[in-house]
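One chain comes next, on its own, written as structure tokens: the form predicted on its own.
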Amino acid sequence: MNDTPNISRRVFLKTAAAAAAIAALPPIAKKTYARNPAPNDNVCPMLSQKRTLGKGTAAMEVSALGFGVMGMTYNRSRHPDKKQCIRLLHQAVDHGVTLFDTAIIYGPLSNELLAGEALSPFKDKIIVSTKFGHEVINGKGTGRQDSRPETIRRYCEESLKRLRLDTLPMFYQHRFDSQVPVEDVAGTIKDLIREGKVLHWGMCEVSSETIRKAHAVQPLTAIQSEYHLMHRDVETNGVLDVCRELGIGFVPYSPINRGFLGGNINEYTRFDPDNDNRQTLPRFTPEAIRRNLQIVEVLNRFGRTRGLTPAQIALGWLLNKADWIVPIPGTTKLAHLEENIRAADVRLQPQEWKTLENELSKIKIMGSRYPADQQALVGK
């Protein structure tokens, strides 16, 4: 009992001494101690910028950055438990994210179930996109495609239940099905939109010719394809050009190249053999990772004088390309969520981006993005 007054007195004396020291500082130093944080220094950054995917009746307004839910349950090694994932998804909503991306094949099914449980309470404020096309039987993927009209309808009904929604805000065809004419796929979606089961639709990893055929039947809101500083095929294969021409939005998935461009992966990284597809990708062998880390070092050097992380540079580069591009980085960490959101505030001059691209062009990337069997499914 006698110690309590002495502790309080010591604390008081230390506090008083600190206050006196600050008071004795010259005006400039006082100002440093008393500085109010700038808007961008907020503990919880807000994503206030909006972008529009599609035009006319296909238009859909979303946050400038979306959130890829996939890695919370599928293909990204160990992850937090469900309660922590739900908490992070709620924090994403609180931070201003309004576009969340999932798919039937993620899990399969478990990712949609997580998204439904976590995000259905906000269904009037956000958009959850999901995808059909990969065949799933008894909860397991078969490796085949099935976009027959009757299957699309069944997948739609099942996704509505898992996502706890009355209408799917955005329904993508996940991969092109060579057995079903794209006009039939678009026609089925057109009927589902007329029936109020679907609001908007999109396609993933398809060619510019396929986009034109589908859009002529039912206007597309967005095309989703891999696009980042290490994979830029959509710039030369006509996909971005046709999106620009027809007024279709573009949603780059894996905008940080499955975490690589964030600088958190090296040749010693070990991926979960049961839940991580990166171990199967040629670009993620130890040899390829070691060679390609040159790219991360370029981003580090570029960002060091601009106060930016490699991930923020990668996202900022995409956001700078066009105002109808909306990247969907995923994460399981609040710190990375906030880091990604701040990328929406990156403002650099065109010459600065050109300097970065010139530096990166000197590096030969090692490894293709997909094995041959998976590569055969894209760009059709």
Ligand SMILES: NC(=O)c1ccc[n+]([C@@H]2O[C@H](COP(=O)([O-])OP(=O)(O)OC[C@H]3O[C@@H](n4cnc5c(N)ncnc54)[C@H](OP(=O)(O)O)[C@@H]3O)[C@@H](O)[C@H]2O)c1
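A quick note: this is a predicted structure, and the numbers were derived from the prediction, not measured. Position 1 is the first residue in the sequence shown; the rest follow in order.
Same protein, other form: the form predicted in complex with the named molecule, not shown, and the subject of what follows.
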**Prompt:** Is residue 326 close enough to the named molecule in the predicted bound form to count, meaning some heavy atom within 4.5 Å?
**Reply:** no
**Message:** Can you work out whether residue 224 and the named molecule are in contact in the predicted bound form, taking contact to mean some heavy atom pair no more than 4.5 Å apart?
**Reply:** yes
**Prompt:** Should residue 313 be counted as a contact of the named molecule in the predicted bound form, where contact means heavy atoms within 4.5 Å?
**Reply:** no
**residue 200, heavy atom within 4.5 angstroms of the named molecule in the predicted bound form** = no
**Item:** Answer range among 146-154, 119-127, 161-169, 249-257 for contact with the named molecule, defined in the predicted bound form as heavy atoms within 4.5 Å
**Value:** 249-257
**Item:** Interface residue in the predicted bound form among 136, 204, 234, 85, criterion: non-hydrogen atom within 4.5 angstroms of the named molecule
**Value:** 204
**Fill in**
Exactly one of 291, 278, 215, 95 comes within 4.5 Å of the named molecule in the predicted bound form through a heavy atom, and that residue is 278
**Request:** Give a yes or no on whether each residue among 54, 244 and 321 has a heavy atom within 4.5 Å of the named molecule in the predicted bound form.
**Result:** no
**Residues of stretch 53-71 in contact with the named molecule in the predicted bound form (4.5 Å, non-hydrogen atom)** = 68, 69, 70, 71
